[in-house]
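Single chain ahead, written as structure tokens, the form predicted on its own.
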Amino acid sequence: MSTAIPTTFLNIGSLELEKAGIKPDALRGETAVVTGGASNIGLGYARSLAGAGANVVVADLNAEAGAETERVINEENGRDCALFVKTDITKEEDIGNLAAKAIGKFGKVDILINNAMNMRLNGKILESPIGDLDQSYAISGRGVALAIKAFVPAMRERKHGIVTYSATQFHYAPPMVGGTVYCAGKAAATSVVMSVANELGPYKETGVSVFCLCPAGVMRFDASKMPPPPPPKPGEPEMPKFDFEAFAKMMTTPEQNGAAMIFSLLRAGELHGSGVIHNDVFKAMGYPFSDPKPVEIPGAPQYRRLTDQELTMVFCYMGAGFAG
């Protein structure tokens, strides 16, 4: 079981597995690969996997953060369970090296979490150089396909494995959530992942589950550290005050999303060929989090109005989610 958080430059908090009812040996004997695993959501996934008993291979371009991620995970779990491999997932030779080192250290790979993405590829189609779109597709589409081709055949042979993708959203969203170039790449990867689920066939026959988990608004946001807005220029009206406290309450932490990922992995057979939004995973596991209050619509039956964030995620539902 994970212990105290080591002193580190990584922006991390306490794991949330125990609150979600996840036992420290829930994934014992499993080995997972997490792309983009040295920061934010990917780091939350990697630490949570190790906290649930798995071995973790972190693939990332940031060598400094990756090496520190390996050190932190090993220290907080008290065992040699983490390995960092510097990886450009768009390069076939890098993915081959990742697979060789993962299998060389741990013998097999049971779980593939495709998470890597360049958040700077966040512009509008009409205003961005075409190279941004090429890079978005290279990371999300090509990178995901290369990783799947490297790890899934062995999973299918052993009739045991899970492939998942952090889908976020795949149609236009406000730039703070993901611009159109970013979303186009996410759409490509989501299509690749769902296509592979169909190619593999029923989970009961193959033992390999493929699904998407859709997180959003994941960050460690401290409203108290936000600077005050600049004073208005002469003749201009004062800017309305932004409610950073309310904004912070909308966010979820990487560790909370890590718990949601582990909860989903433990039920992967139910999710094969579909996608699920993290808020619904929180509800399924009875996790304590704040839900938006219902909005009253005058003269109409009372419906719970979807938030803007949820509306950007609607098309991530590629299946029924958790059965029942």
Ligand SMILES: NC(=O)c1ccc[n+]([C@@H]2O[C@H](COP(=O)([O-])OP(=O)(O)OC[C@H]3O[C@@H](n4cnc5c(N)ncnc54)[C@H](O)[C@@H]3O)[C@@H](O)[C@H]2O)c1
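Fair warning: this is a prediction, and the values are worked out from it, not measured in the lab. The first residue of the sequence shown is number 1, and the count goes up from there.
The protein also exists as the form predicted in complex with the ligand; that form is not presented, and the subsequent description refers to it.
Contact annotation for G275: none of its heavy atoms lies within 4.5 Å of the ligand in the predicted bound form. Within this chain, A59 lines the site of the ligand in the predicted bound form, having a heavy atom no more than 4.5 Å away.
Using a 4.5 Å cutoff between non-hydrogen atoms, N77 does not count as a contact of the ligand in the predicted bound form. Although the partner is absent here, S191 lies well away from the ligand in the predicted bound form, with no heavy atom inside 4.5 Å. The stretch in contact with the ligand in the predicted bound form, judged by heavy atoms within 4.5 Å, is 211 to 219, chosen from 211 to 219, 122 to 130, 146 to 154, 100 to 108. With the partner omitted here, the residue from A197, V181, I73, I89 that has a non-hydrogen atom within 4.5 angstroms of the ligand in the predicted bound form is I89. Contacts between stretch 91 to 117 and the ligand, counted in the predicted bound form as any heavy atom lying within 4.5 Å, involve N115, A116, M117, listed in sequence order.
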